[in-house]
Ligand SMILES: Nc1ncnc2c1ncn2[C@@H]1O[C@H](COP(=O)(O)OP(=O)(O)OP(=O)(O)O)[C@@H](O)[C@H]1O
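Only one chain comes next, encoded as structure tokens, the form predicted alone.
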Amino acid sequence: MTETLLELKGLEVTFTTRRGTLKAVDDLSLTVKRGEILGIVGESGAGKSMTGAAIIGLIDPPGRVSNGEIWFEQQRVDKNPESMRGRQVSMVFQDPLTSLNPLRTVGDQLVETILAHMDVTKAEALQRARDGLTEVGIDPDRINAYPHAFSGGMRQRVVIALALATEPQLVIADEPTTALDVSVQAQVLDLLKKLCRERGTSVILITHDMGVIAQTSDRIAVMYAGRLAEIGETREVLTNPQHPYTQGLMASTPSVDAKSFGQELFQIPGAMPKLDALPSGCAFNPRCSQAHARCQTDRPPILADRAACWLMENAS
């Protein structure tokens, strides 16, 4: 059995508009190993959520996967992502209120999901639903409650139970804690990590929060303007970031170190470029203090298996 569960090869997601064809994800290649938690991080507009939606086949027109390949379990699935959605790959969205039907009990929604993707009886599905609620720390006797009867953190626990109900091999968690306060956020992340470790489930954790990434992931993929900027083991990327964009993200992350008290946080100058106004060469070059002439003309590939930056050329 191969160690690689999911592989993206040159993935491109484009949108056809009156202003032309816009690339939301541009030539993205990466892998997810079995049982691994891969964190995808970057500013809003980096292409993180679009990548997750492309994998599971949730991109609506005028958007489409225009190029590249998606391989799951050594089978190409980008032409038919519905074949693995729900049973093999599931998704946890940012706002649980958009994932749960307010007019149906959480039990009904769990049972429906299980029956749709698993060959079990209704009684077995009901028991699985109760077990799922127990697993995420919710009293199974609340199976007949409606979503509005739960707090935000508990609703997200229900969504996690929904995502894991069919025993998928991969869970895509798209900003799963953004709407929660810090203490509940930590509980939900710990729960997701614990359950996936116990089941051997792989996770793609999409976030803009470097603290969340540090706490949860095994590897980090940093995205910028739809492109992969840097990838590596979590400890290596956090302690020794190679791409200037990753360095900027780390420098702009608040620290609890007493030495940093009262110091002004670093801010990356400028803003993420619009998709219809991407600079030539490296997309980050207008904001990069280390950019040189080549950065403005030639787009760098991933060098030294680490970062898409010409500064890495001598290290490769």
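Numbering starts at 1 and follows the sequence shown. From a predicted model like this one, the values you see are computed outputs, not experimental measurements.
The same protein has a further form, the form predicted together with this ligand, not shown here; the description that follows concerns it.
Contact annotation: L249 falls outside 4.5 Å of this ligand in the predicted complex, judged by heavy atom distances.
Contact annotation: S44 falls within 4.5 Å of this ligand in the predicted complex, judged by heavy atom distances. Although the partner is absent from this view, T17 contacts this ligand in the predicted complex, with a non-hydrogen atom inside 4.5 angstroms.
Looking at A54, you'd find every heavy atom of it more than 4.5 angstroms from this ligand in the predicted complex. Among the residues I70, L275, I268, L30, the one placing a heavy atom within 4.5 Å of this ligand in the predicted complex is L275. With contact defined as any non-hydrogen atom lying within 4.5 angstroms of this ligand in the predicted complex, the contacting residues in 18 to 33 are L22, A24, given in sequence order.
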